[in-house]
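Just the one chain here, the form predicted alone, laid out as structure tokens.
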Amino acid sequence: MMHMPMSGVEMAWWPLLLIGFTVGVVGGYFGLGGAWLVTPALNLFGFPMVYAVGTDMAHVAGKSVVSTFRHWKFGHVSVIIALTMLIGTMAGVEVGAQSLMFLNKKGLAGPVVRYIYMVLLFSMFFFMLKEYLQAKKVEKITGKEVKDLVGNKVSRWIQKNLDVWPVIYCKTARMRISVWALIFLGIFTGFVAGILGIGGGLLRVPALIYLVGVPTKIAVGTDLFEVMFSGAYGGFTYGAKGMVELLAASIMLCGAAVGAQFGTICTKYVYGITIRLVYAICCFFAFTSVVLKQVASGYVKVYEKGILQVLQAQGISNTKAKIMIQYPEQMQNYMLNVAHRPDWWQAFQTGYTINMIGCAVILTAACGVCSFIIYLLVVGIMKEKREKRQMDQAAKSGA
């Protein structure tokens, strides 16, 4: 077990490495910083929410550098869109971070962040799954394979009616868009990034797809390019406030740097519509884990205030006491032998069990999706080699 000096959490190194590798694969595949998996996972492993948010922000930027480099080689990065959005993103991240600090002081950070996560995750799951099923229906009717869905009524309306000067042309995405539309999008997604402790991709990738009309793979690469900057800024903001566990972030980054290679290269061999399907599946399992965490928080309310008073009466500081209530061995002693409150201990056991189930759900799902992405990568590489051999044989036969 390793001691985290900032938060005081005790944690083994291997879950951090596993989280980093898994998020690297999944994040490189989707174009996300991966905090929609990391922040809940760290929180479920015992990190107080504000430390989970800050620590993830610190590791996001480094992982995104590796993924962006690969996407750049594939031609999936629109620099002009990313840099324009970045103007609004920086302001949004700071407002979001300050809002989280305020909520943390009021004791509301955990519930508010979890409810926002639940709404966003379920919305993304519903809309992307619906879209995938509609695409498959079209395939069945027309007999033609749907590789991606580019643009919709909303994105076309925005491009046509919000054509306010200055307007930029993106050669990579083959489209025109107002600078103001991108800046506003950056502010909104930056705020989400700051308050949730994510690179913003959870909302920015769908926003680029559905509001701007960017093809899926370009949305993935463009988001990762911006995450390098917004994640670095967010990490600096939280680090300055003493909310970053550098040890945990460094271990996760080691795993993510390797995993990102697999996830990013896989996008070369799959269609955009497939990326959206896997995204929807991940959102569902992440949503389930956060719901379980929220259910567990109801049991925490039964004993939290009382046990904190008991611990402080024993001469333990409030900060240390909030960390201690996350460990079963210590709580069993204080709740049963010091406070003589078996009802507190029963509530603690129930909440702790639900937390562990949520932890198992998110990590199992993430590992499953990670394995599926690697499977798609292997299949894609084998198909590419097979087609190359066939072309070589055909060329020899023609000669």
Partner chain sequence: MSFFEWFLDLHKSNPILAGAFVPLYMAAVGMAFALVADIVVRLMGVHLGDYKKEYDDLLDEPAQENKTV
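What we label the rigid core is the largest C-alpha set whose atoms superpose within 1.5 Å from one form to the other. Residue numbers count along the first chain shown, from 1. Source: prediction; values computed, not measured.
This protein has a second form, the form predicted in complex with its partner chain, left out of what is shown; the following refers to that one.
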Heavy atom distance at most 4.5 Å to its partner chain in the predicted complex, all of 66, 173 and 268: yes
283-291, 250-258, 184-192, 114-122: which one contacts its partner chain in the predicted complex at 4.5 Å, heavy atom to heavy atom? 250-258
Wondering, does residue 136 line up within 4.5 Å of its partner chain in the predicted complex on heavy atoms? no
Using 4.5 Å between non-hydrogen atoms, is residue 239 touching its partner chain in the predicted complex? yes
Mark residue 180 yes when one of its heavy atoms lies within 4.5 Å of a heavy atom of its partner chain in the predicted complex, and no otherwise. no
Would residue 381 count as touching its partner chain in the predicted complex under a 4.5 Å heavy atom rule? yes
Consider the chain as shown here, without its partner, and state which of 90, 232, 296, 321 has a heavy atom within 4.5 Å of its partner chain in the predicted complex. 232
Which of these residues, 86, 149, 300, 277, gets a heavy atom within 4.5 Å of its partner chain in the predicted complex? 149
For the stretch 67-99, return the residues whose heavy atoms include at least one within 4.5 Å of its partner chain in the predicted complex, in the order they occur. 69, 70, 73, 74, 75, 76
Taking the rigid core as the reference frame, is the Cα of residue 242 displaced by 2 Å or more between the shown form and the other one? yes
Establish whether a shift of 2 Å or more occurs at the C-alpha of residue 376 between the shown form and the other one, with the two forms superposed on the rigid core. no
Kindly check if the Cα atom of residue 67 is displaced 2 angstroms or more between the shown form and the other one relative to the superposed rigid core. no
